[in-house]
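Only one chain is included here, represented as structure tokens and corresponding to the form predicted alone.
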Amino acid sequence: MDPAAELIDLLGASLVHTHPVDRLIYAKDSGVASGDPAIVVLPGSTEEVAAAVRIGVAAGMPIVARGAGTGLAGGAVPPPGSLLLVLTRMNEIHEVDEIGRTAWVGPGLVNLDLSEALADRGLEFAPDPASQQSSTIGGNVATNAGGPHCLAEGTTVAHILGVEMVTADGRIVILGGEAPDEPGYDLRGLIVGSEGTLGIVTRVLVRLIQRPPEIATMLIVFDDIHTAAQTVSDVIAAGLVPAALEMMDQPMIESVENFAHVGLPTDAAAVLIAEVVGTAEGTAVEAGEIREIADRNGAREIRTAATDEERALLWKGRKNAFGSIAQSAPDYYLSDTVVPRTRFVEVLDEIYAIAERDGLRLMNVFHAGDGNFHPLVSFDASEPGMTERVIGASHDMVLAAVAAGGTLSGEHGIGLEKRDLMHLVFTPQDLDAQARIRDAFDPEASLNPGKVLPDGARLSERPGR
């Protein structure tokens, strides 16, 4: 039987799309790569996902899961002839345990919607990527998303206790659970960050945290980006772990202010948003220490949000940084790497030099506290050769980070974008071990093929083997 007809029988014609225009809508994520699914379906339950996977496998189709499409590394880009499972209808909050501070949620639930739904209970979900107003919990799990507050709270993997998922042969399994120390191998940890290559996640058991009783949010203004970076290093060296330490350079400040009008000084070389949380006494002490460090490093201005509204306005600017780019160019390419904090200034200078060498417009926004760079190049993809030039420069920026002891990605994942750079940070034996794990979960390579691991990752595939 034709797989499209089977899927229509399963889900109904309104939830199965084969028209070229419908397929085009889902053909890419927020990065530059594009794909070509043969069939797009929108299942509404775990059982429907499992049945759809079985239909796709029987038809020999590659199977890709997709959330809101906010990914930037091509992880959800569907290969030609694939079955694309769009999980945004699976957006329920199934169960909440206020005492245990956990919740079972659907993969299509928007990140911010979860925290807002739990606000009256004094609980929230800690990972807060810049895309949290639209990115889904399933997408956060797929890429091990971070966000400004991952400095103190950790990335998504620290907040996922278990997953329900559909395997490559259509079985439904649960990995992990509410117990604080599940016996056996940590298969839950394998799934987080696996970008849909090991299974299709259909429910997520998230860990919740209590909303802090007191928050102090500071805007620290510098006339030199190097002293801003040094301030970040000095804060961490002093033994302080703020909830967030975010940096923007001058071009990004200007872009954000023109877009969001949050009161940022557009003539500053850099600004830091530093946030500390806890008791009133504790936050006052920690904020005072950060202020002293910033003063010693020549901060031009230190402004503390006096109200919740002022604090929200500062974060509105930071969270809309990527969206603000539309003012300057129709397209952008955003890279994502991590470097040791001790090499932050050195790599920053090299990133600027690469952009200047290639005549590119560069803006920078950083999760500065954990050395997570987000160099962003705005450009016009309709200009011949420009996309290739931008990608080449961005790869050079990744190489600079890796050469300084950093790694390929802090939170955006590998996907297609950095798949062929994996050898820079992993040995052939490392890649082979990862490929064997993938084979154990998906022997036929049906799930999101061509992502994360480069061709030749298995030692047995190499010439002479």
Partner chain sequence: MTTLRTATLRLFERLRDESGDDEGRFVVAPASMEEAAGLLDVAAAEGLTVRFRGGGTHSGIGNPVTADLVITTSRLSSIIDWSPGDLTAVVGAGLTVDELEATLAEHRQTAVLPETAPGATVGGILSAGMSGYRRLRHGPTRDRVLQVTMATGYGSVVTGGSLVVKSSTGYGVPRLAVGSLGSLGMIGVVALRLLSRPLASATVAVADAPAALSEVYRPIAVLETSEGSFCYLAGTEEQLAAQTAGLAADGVPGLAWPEPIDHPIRLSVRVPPAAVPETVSLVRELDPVRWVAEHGVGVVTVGFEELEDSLFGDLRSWAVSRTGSVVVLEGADFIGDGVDPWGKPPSSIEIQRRIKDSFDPSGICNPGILPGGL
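Numbering follows the first chain given and starts at 1. What you are looking at is a predicted structure, and each value in this text was computed from that prediction instead of being measured.
Just so you know, the form predicted in complex with its partner chain exists too; it's not on screen, but the next bit is about it.
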So in the predicted complex, does any heavy atom of Arg303 sit within 4.5 Å of its partner chain? no
Is His367 close to its partner chain in the predicted complex, meaning a heavy atom pair under 4.5 Å apart or at it? yes
Might Ala403 be said to contact its partner chain in the predicted complex, defining contact as any heavy atom within 4.5 Å? no
Residue-level contact is defined here as any heavy atom of the residue lying within 4.5 Å of its partner chain in the predicted complex; does Thr407 satisfy this criterion? yes
Please identify, from 335-343, 349-357, 293-301, 387-395, the stretch that has a heavy atom within 4.5 Å of its partner chain in the predicted complex. 335-343
Given its partner chain in the predicted complex, answer whether the residues Ala158, Gly184 and Glu281 all have a heavy atom inside 4.5 Å of it. yes
With the partner omitted here, the residue among Glu383, Glu310, Asp267, Glu178 that in the predicted complex has a heavy atom within 4.5 Å of its partner chain is Glu178
Tell me, out of Arg361, His94, His261, Arg171, which residue has a non-hydrogen atom within 4.5 angstroms of its partner chain in the predicted complex. Arg171
Scan 222-255 and note down the residues that get a heavy atom within 4.5 Å of its partner chain in the predicted complex; none is a fine answer too. Ile236, Ala237, Ala238, Gly239
